[in-house]
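As a starting point, one isolated chain is supplied in structure tokens, in the form predicted on its own.
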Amino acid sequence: MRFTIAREKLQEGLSAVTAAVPTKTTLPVLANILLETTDKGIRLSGTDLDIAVSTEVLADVETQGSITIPAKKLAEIARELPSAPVKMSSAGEQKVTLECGRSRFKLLGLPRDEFPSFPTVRFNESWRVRSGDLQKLIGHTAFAASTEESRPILNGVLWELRPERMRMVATNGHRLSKMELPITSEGAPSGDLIVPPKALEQIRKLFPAEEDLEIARGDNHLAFRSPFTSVFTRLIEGPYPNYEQVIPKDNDRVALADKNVLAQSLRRMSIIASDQTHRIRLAFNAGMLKLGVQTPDLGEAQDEVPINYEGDPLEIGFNANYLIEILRYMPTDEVRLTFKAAERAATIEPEGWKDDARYLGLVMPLKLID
């Protein structure tokens, strides 16, 4: 194998695939990237067996071949090389030589045969989605997925694909985030997929917003591809909870608030809140929201935020961190909060959002202790 590549192109390919390479592994070849020559250049691939990324970059190929090379060391070398053409070659399957300017490196690799093969996914029935739309869904929902191992199904993000719309939902059982976008994907099947947030984050970073992605499902994998890059991820198996049952339809107490003012007040109150529950008290009255927190072994704090409020006065408790987090992803300066009672779920939505998307956050209340 022998080829010449611009340092910038090498770095571009490496940055795309190294995120899929595990930092610790008991299988040595997984710490490597697979490097293969193609008709137009080279293909770089990396995997941790849950997520696999493959990307093709332009290079001047003299001799065909393939080898696996330590991903971390190759990325570190590429980052420190001068801005000059990089020549890479390997005479066998165990060693690759890299030359750039006056620098010369030899890295020990592993044979291509040891590298795991990627999942087989057919694209005969696929969805076509604009990357920017997908990034919007991921960016506004994936944060709400659970990180606890007790309910593995909640560690994933539910992605509902329909010919006319797509929706993502994530929850940890205490807070929920849901976004829906209209799409046009004629002839595509309907599908409900539960995708790991780590894979979605790779998708969000890898593909330019203006790019069209083709998406297809295998037996238990999902594949994304553009003209130069492919991503495969293992799906989470099982039925996702019926989230529609949790979203209230009859909340009749409504508050309009400045997102940033409310978030700042919540952050101040959370300093004194319990490290275990992060509980704060919110008292809604016409024109004013009073925030309070009392932690026996620490102290107490109060604050007030002007709001527009319709409905009977209400005192309700929440995990301050959940409210702060959902507010962070609200795309408007003003937010709309709705309530029914102190023991019922509250919703948060962007107020005055001029967008085709529909977005909703939900937080379950905490019992107040007098």
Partner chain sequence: MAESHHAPPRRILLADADAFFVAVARLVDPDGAGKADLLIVGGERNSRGVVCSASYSARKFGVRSAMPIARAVRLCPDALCVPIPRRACSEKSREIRRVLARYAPIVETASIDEWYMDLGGTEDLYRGESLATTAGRVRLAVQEATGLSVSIGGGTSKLIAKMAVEAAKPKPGTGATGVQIVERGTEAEWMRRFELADIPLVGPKFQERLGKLGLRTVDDVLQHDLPALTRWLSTSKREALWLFDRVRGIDDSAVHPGEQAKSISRDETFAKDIGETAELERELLRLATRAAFDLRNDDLAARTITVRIRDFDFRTRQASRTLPEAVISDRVIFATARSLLAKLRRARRVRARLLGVALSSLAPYESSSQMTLFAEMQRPDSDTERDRALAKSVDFVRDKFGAGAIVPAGLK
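Residue numbers count along the first chain shown, from 1. Keep in mind the model is a prediction, meaning the values are calculated, not measured.
As for the form predicted in complex with its partner chain, it is not shown, yet the points below apply to it.
- Checking 131-139, 172-180, 228-236, 256-264 against its partner chain in the model of the complex, the stretch whose residues place heavy atoms within 4.5 Å of it is 172-180.
- Not displayed here, its partner chain is approached by residue 242 to within 4.5 Å at the level of heavy atoms in the model of the complex.
- At a distance threshold of 4.5 angstroms between non-hydrogen atoms, residue 339 is out of contact with its partner chain in the model of the complex.
- Interface membership of residue 54, defined by any non-hydrogen atom within 4.5 Å of its partner chain in the model of the complex, is ruled out.
- Under a 4.5 angstroms non-hydrogen atom cutoff, its partner chain in the model of the complex has residue 343 among its neighbouring residues.
- Checked against its partner chain in the model of the complex, the candidates 290, 104, 73, 151 yield a single residue with a heavy atom inside 4.5 Å, and that residue is 151.
- The single contact residue among 246, 298, 108, 271, judged by any heavy atom lying within 4.5 Å of its partner chain in the model of the complex, is 246.
- Along 299-331, a non-hydrogen atom within 4.5 Å of its partner chain in the model of the complex is carried by 319, 322, in order along the sequence.
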